[in-house]
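The chain that follows stands alone, in the form predicted on its own, written as structure tokens.
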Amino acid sequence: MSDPRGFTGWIDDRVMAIFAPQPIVRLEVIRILASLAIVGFMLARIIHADDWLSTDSFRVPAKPDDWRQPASFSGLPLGLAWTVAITLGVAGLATAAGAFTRIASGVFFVLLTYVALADRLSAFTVSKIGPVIALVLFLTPSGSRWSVDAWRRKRRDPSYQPPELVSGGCVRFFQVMLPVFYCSSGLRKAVGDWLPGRATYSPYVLWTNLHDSYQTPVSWFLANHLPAFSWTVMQLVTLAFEVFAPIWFALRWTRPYATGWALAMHLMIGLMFGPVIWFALLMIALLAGSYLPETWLRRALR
């Protein structure tokens, strides 16, 4: 028997599925792993707070008419610079542990935003998306499960049962952000030198990326042993994956393959590009929390 609601009913079901409650385990995995990856990236800056944020460091001259410098801050006194840097690290670790999560994630967001704007020269992808992730963790009930906060509440009230589900938007944000991130990256590559047919196209642009200061033993070995055409193939496959990422992740039957490719891609990025490992780990954290099977995530946290 056909559905009496017809196509309209099918659309309604799809919309309801999008906004339906999601397993809180996804949000908590992102809270733990993403916060640790961001702190790991920031650690190299935190231990040099005097050269990073203080009046003793080099400051980019203020250029209020330059869109690439949305804000300009003077250097902090040396003691305050160390205080800000250490507080940033502590807030990130507290967010990962789920200790006073709402306060910790709020402080984490504010300080990540400040340091990204205060030192434009060292701003990297992690610096730019880190504040967004911290803000989402602050606005959602992250830390309600698998956290110090949940443990403390359970001690006060033994009958307390942590939630199993969370409002759909808390998880859907990350599930939408990732394909949009990939698509925008792919489009920029396409208008640059990655797309065949363009005057600027280079079939070996991916291979050339292996020879800069980020080179690792893994990238050195692969650059010298893989056939030249393999880098062109990987370049084109990566471009196709990124440009059409919204489709790959939206369709149920392609989503597992897209997730697997993305995880493998970031694993290789982490192995082949030295300091970029923290970006790779951050993206792996977001992918794991957003798309890996719920049973896998529960088993990992257990």
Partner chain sequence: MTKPRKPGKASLRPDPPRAATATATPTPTPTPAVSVVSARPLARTAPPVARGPGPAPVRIALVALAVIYFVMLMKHPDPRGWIRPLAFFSECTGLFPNADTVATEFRLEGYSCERKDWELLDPRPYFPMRADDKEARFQRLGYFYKGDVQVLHALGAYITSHHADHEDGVAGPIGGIRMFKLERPIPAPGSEIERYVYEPLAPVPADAKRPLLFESALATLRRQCKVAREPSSRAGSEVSPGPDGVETVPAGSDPWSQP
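Residue numbers count along the first chain shown, from 1. Each form is matched to the other, and the largest set of C-alpha atoms that superpose within 1.5 Å is called the rigid core. These numbers were taken from a predicted model, which means no experiment stands behind them.
One more form of this protein should be noted, the form predicted together with its partner chain, which is absent from this view; the next part is about it.
Although the partner is absent from this view, residue 149 stays clear of its partner chain in the model of the complex, with no non-hydrogen atom inside 4.5 angstroms.
Contact annotation for residue 83: none of its heavy atoms lies within 4.5 Å of its partner chain in the model of the complex. When its partner chain is considered in the model of the complex, residue 166 lines it closely, a heavy atom lying within 4.5 Å. Proximity of residue 94 to its partner chain in the model of the complex: non-hydrogen atoms within 4.5 Å are absent; the residue sits far from the partner. This chain appears without its partner; in the model of the complex, the one residue of 75, 106, 89, 131 with a heavy atom within 4.5 Å of its partner chain is 131. Along 110-128, residues 113, 116, 117, 119, 120, 121, 122, 123, 124, 125, 127, 128 each place a heavy atom within 4.5 Å of its partner chain in the model of the complex. Residue 252 shows a C-alpha shift below 2 Å between the shown form and the other one [criterion: core-superposed Cα displacement of 2 Å]. Core-aligned CA deviation for residue 51 between the shown form and the other one: less than 2 Å.
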